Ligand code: UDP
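Below you'll find only one chain, the form predicted on its own, shown as structure tokens.
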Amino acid sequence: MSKKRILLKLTGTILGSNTFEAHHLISLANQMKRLEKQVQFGIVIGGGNIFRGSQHGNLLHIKPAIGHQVGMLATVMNGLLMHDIFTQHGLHNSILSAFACPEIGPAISSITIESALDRQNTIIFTGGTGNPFFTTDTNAILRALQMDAQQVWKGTDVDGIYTQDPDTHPEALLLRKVTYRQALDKKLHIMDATAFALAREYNQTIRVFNIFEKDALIQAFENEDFGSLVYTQD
């Protein structure tokens, strides 16, 4: 039986927001090991816990392109931390970089991706797209297409897709399944416009769920009603 390929997009705050923490990554490593006979993961992790290109770049009054480059370097730092923590806990993984960082890991290419997949390794994609002005959302869709993933799982700090921001609108409703057309019509902010357009063009299914829930990856795999699903209508 062939494995299902999943691209998991993670917020950098999985490593903590005010200080670095390992327990969430340890939990993810253990869950991936439980699923390793059924699922092969690729991971795109953000760098916002260290540096957000637009936010911190503006505060420092640096050029936007430089701010984004620093943000992409932050994802390399988080990816390296993830690589070591996963390795310590017995999860075989490969770290790839959009930047030329031979001391960190090979460059992202079709060859290095296929090599990691053939070895049954979890792939940690770092360095963003390698170009400024693209978000980790866009990077997640790009890497999903490169590894031929069946779904993109976006791990967030909310239960799924709501009709409005649940933090400011208590009456907001959780939507379990949403088509791309419905998402556009209702102006649901699931991913940035570039990422969303790319995912829609290539019929990529997106699942959005709270990554901080207990056994979130297990639940996402076993329960189709866990979180919210965005799909192309037949």
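Residues carry their position along the shown sequence, with the first being 1. Since the structure is predicted, the reported quantities are computational estimates derived from the model, not experimental observations.
A second form of this protein, the form predicted together with ligand UDP, is not displayed here; the remarks below concern that form.
Student: Taking 4.5 Å between heavy atoms as the contact cutoff, choose which of I141, I161, I123, M72 touches ligand UDP in the model of the complex.
Tutor: None of the other options qualify; the answer is M72.
Student: Using heavy atoms and a 4.5 Å limit, would one call T135 a contact residue for ligand UDP in the model of the complex?
Tutor: Yes, T135 sits close enough to ligand UDP in the model of the complex that at least one of its heavy atoms falls within 4.5 Å.
Student: Even though the partner isn't displayed, in the model of the complex is G53 close enough to ligand UDP, meaning a heavy atom within 4.5 Å?
Tutor: Contact check for G53: yes, within 4.5 Å of ligand UDP in the model of the complex.
Student: Hey, in the model of the complex, is T129 touching ligand UDP, heavy atoms inside 4.5 Å?
Tutor: Result yes; T129 sits at the interface with ligand UDP in the model of the complex.
Student: Is the gap between R207 and ligand UDP in the model of the complex 4.5 Å or less for some heavy atom pair?
Tutor: No - in the model of the complex, heavy atoms of R207 and ligand UDP never come within 4.5 Å of each other.
Student: Quick one: which of 64-72, 182-190, 35-43, 22-30 gets within 4.5 Å of ligand UDP in the model of the complex, going by heavy atoms?
Tutor: Flagged stretch: 64-72.
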